[in-house]
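Here you'll find one protein chain in two forms, each presented separately as structure tokens under the names structure 1 and structure 2.
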Structure 1
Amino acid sequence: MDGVHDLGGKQGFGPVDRAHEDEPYHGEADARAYALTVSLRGERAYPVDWFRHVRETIDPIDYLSRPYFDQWLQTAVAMAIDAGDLSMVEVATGEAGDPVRTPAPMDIAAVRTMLTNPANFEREGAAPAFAVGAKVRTASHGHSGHTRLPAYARGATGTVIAYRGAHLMPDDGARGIERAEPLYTVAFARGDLFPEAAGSPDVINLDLWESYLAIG
């Protein structure tokens, strides 16, 4: 979707603020918000791209101004309400109705399992259509759902530098459909994406699914 989350290349932002850069959490509320989010999502097999998309639908002003894990928590709560695990009345009154019994809340063992097991997003899928070294052109338009082709890289020509296997396709995942598609790393000259950088030796690399691409 053409949301404010799609920040790459947007202009008008000031210097990067490095305050508190060595603290893992930025205060107790930040730490609690993180832990609540990951615990709430834990046992529920929501696709990660549905989580990402639900965050993208936060009001634009809130998206740009609220703390990062505060947004995560609001996203996880919105997902719980959407799925019927929690009601807006309960949030508004602060009073819980009958407790949810299944699945049981994530316990310490489940947390340890998640902390030590990398998720695998590669699946059986179609053979890649593009070879390493191929010139490819990205789609000119997005769509109103979740997608991982940033706006700054639309309608651009780049070079496939690696094939990564068939990975779960995020646009489908955010719609509850599990489907894998060839994933490539595509390199773009920075000057081809941003006119003021013409002639720059810099390269911007993106990981892009096959349906975002056509032979360039």
Structure 2
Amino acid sequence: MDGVHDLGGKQGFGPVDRAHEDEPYHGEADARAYALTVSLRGERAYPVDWFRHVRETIDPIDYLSRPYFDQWLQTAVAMAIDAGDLSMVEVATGEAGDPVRTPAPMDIAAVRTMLTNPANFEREGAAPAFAVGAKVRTASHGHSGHTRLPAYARGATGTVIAYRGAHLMPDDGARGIERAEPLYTVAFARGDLFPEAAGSPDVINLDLWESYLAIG
């Protein structure tokens, strides 16, 4: 989805606040929002790309003004309501309704196991169309729905430096479709993505799915 959420390379939002960079959360509320959101993966197995797509539908004013984990909590509530695991009455009152419908909470051991054994999104798929060393150009436009091709990298030419196997395509996953595509790591000169950095020796590596790419 092209929208306010795609902030990579954007200017005008002031300096990055690094005051809390050594702290995983700014407070207990952040930790609880993270734990609640992650626990949904265990009970209902909400797809991660569906989570990203729902978060990207947050109103721009909310998206830019609400704290990071507050956005996560808002997204988790929206997904739970959409799936029928939660009602607006329960959200408004803070009281659980039908105990038969309400999923049982995960215990601490189950959460720890889930977090230390992350999901594997690699699948069997078609042979890769691009070889390591190939020059490729990224798509120059987006589409409705979720995508993992950032706006700053569109219409740019880079070099394939690694093939990562076939992995679930996030654009389809956000629509509930499980389909794998070849995944590559593509290297771009920093100046090719950000003209103001022309002449910089820096290289930016992006993991990109095959349908984002064409021969450069």
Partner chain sequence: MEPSYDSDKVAEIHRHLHSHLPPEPALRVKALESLLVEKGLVDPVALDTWIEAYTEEIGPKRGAMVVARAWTDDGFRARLLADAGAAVAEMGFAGQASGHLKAVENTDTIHNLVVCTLCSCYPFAILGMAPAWYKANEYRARSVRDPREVLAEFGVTVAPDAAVQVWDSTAELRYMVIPQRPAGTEGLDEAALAALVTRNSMIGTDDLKGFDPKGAA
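Every residue number counts along structure 1's sequence, beginning with 1. Definition used throughout: the rigid core is the maximal C-alpha set that superposes within 1.5 Å between two forms. Keep in mind it's a predicted model, so treat the numbers as computed, not measured.
K.L.:
Kindly point out the structure, among the two, that is the form predicted on its own.
P.N.:
Here the form predicted on its own corresponds to structure 2.
K.L.:
Taking the rigid core as reference, does Asp207 move its C-alpha 2 Å or further between structure 1 and structure 2?
P.N.:
No, because once the rigid core is superposed, the C-alpha of Asp207 moves less than 2 Å between structure 1 and structure 2.
K.L.:
With both forms fit on the core, is the shift of the CA atom of His20 between structure 1 and structure 2 2 Å or larger?
P.N.:
It does shift by 2 Å or more.
K.L.:
Taking 2 Å as the cut-off, check whether the CA of Ser87 shifts that much or more between structure 1 and structure 2 after a rigid core fit.
P.N.:
Ser87 C-alpha, core-superposed: shift of 2 Å or more.
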